[in-house]
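Take a look at this one chain, the form predicted on its own, written out in structure tokens.
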Amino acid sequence: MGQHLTRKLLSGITLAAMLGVATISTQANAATLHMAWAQDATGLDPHKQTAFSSLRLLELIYEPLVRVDASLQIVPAIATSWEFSKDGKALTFKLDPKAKFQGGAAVTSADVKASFERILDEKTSAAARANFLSIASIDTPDPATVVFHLSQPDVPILTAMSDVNAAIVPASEIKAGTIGTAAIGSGPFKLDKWDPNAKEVLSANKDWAGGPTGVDGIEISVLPDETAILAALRTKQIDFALLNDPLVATLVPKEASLQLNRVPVLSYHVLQLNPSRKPMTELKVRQAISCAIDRQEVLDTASLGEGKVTGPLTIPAMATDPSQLFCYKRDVEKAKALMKEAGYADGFSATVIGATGEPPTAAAEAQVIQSQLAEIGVKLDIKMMELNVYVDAWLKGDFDMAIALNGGRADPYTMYNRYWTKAGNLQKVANYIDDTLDSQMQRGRAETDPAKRKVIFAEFEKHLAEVSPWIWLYTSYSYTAQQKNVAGFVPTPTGTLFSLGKVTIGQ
């Protein structure tokens, strides 16, 4: 592996030159943060985007009502305060009077109402729509006050509102139909230029309520090979980089001039089965696949052991010890017996899809799983796709199996209701639901006692692992690398880059 990586690094340096990394300004200019990442955004509509690469960009431009900090606590964003009514059926926000969109217009309760009505409109196909189905109506008693009237108590809704998929956008832009073409938010930066798969140029939003920013702008270069990014960091052509490949990230600490930021994240690597397609329609086939997979070997081979095996819940305070879940210790004989009982003793053929570059470990994960499943007669064909093609197929549920890296959230309901409830807007991606999962999710949503919620979601996690619509593999780390004169970046378990708004560059 060492020789392979050395060759890859050399080819990466060549690629850096080919891609024009050298054209990034190397003049001493503390006002602009020169940055790089390997995967570009696939779109600019904050309500629709699901790809991590899109969310990382949009978090710099748009703001939600609230956000979660590095400790997963709810903190102010556009809203300065919030309060639930005693019966839990009304949630009132007071907006920051200084909050302005990047064109200078004030953010008002009318914009908040229009944004959530857009999210709730099925025609929008909003990624987080299922999080907000308890909203019965929205009142705007004055420009700085918004009241959400709920059909039932909904504890997780506040966490759901912290996501960029719940960003507040201008009502005027919704009316004009320009969301997704013009990126006008109230966040720390505004998007001046986007050359897809090449470059983004952002400038400081002088009207940002959280301002001033620590830099005047950010120039982001898209360099598909992360070894090229490391080469550009070494030669100080870039100041800051988002890394996804553990093979590259683990080299950063060897560089005296660079700093690696490495934190565990809530997102999870998973093998998604499609239980609407034969033979995954059979419970015993899905369970056999779960029993046949050695999750630790997948983690060790694809991610150099950079992470830990996980069940469905990745929130530290809520997660069950994976050893307590169904078939987390590999058992090939049990897998073969289950296949035989299901009528597939000779196995079957299927295709697994993955996205090139997101995550960088996708192909390696697929290869390890292909080898492991071959032991029970499952012949797996691997089909790697460009990210935008993969996302389209994924959203349509058009796959037998899919290697995925899916986002985690600070609350189990917010994290999973779009998949594992009957009203979930990504049910087409999950392709499985049962009364038990739906009931557990609804109970967890309404319960206000933290201890009781933990019990409910532990039952949910155990059941989900047992019915095996997906095979959860592992959680990993968020990696960013920076020059040592860059200060102020705060990594978080959600992976957000929002704190770039306060980053400074020393001499």
Partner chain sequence: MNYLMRRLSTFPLVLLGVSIVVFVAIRMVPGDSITAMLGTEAGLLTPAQRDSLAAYFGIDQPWFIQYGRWLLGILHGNLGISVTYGRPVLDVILERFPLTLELALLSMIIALAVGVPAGVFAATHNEKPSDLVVRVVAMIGQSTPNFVLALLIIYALSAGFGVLPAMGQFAPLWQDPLRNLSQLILPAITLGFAFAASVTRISRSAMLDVLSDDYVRTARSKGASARSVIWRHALPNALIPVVTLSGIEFGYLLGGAVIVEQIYALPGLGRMVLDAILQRDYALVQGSVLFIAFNFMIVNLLVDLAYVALDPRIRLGER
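The term rigid core refers to the most C-alpha atoms you can superpose between the two forms while keeping them within 1.5 Å. These figures come from a predicted structure and were not determined experimentally. Positions refer to the first chain, counted from 1.
In what follows, reference is made to the form predicted in complex with its partner chain, a form of this protein that is not presented.
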Quiz item: Can any non-hydrogen atom of residue 389 be found within 4.5 angstroms of its partner chain in the predicted complex?
Solution: yes
Quiz item: Taking the shortest heavy atom distance, is residue 478 within 4.5 Å of its partner chain in the predicted complex?
Solution: no
Exercise. Would you please decide whether residue 454 lies within 4.5 angstroms of its partner chain in the predicted complex, comparing each non-hydrogen atom pair?
Key: no
Exercise. State yes or no: in the predicted complex, is some non-hydrogen atom of residue 232 no more than 4.5 angstroms from a non-hydrogen atom of its partner chain?
Key: yes
Self-check item: Contact stretch among 122-130, 169-177, 359-367, 67-75 - heavy atom within 4.5 Å of its partner chain in the predicted complex
Solution: 122-130
Self-check item: Selected contact from 227, 303, 287, 108, since only one has a non-hydrogen atom within 4.5 angstroms of its partner chain in the predicted complex
Solution: 227
Quiz prompt | Residue among 96, 239, 400, 219 with a heavy atom within 4.5 Å of its partner chain in the predicted complex | solution = 219
Quiz item: Can you name the residues of 188-208 that have a heavy atom within 4.5 Å of its partner chain in the predicted complex?
Solution: 194, 195, 196, 197, 198, 199
Exercise. Align on the rigid core first; then say whether the Cα of residue 186 has moved by at least 2 Å between the shown form and the other one.
Key: no
Quiz item: Once you line up the core, how about residue 100: does its CA shift reach 2 Å between the shown form and the other one?
Solution: no
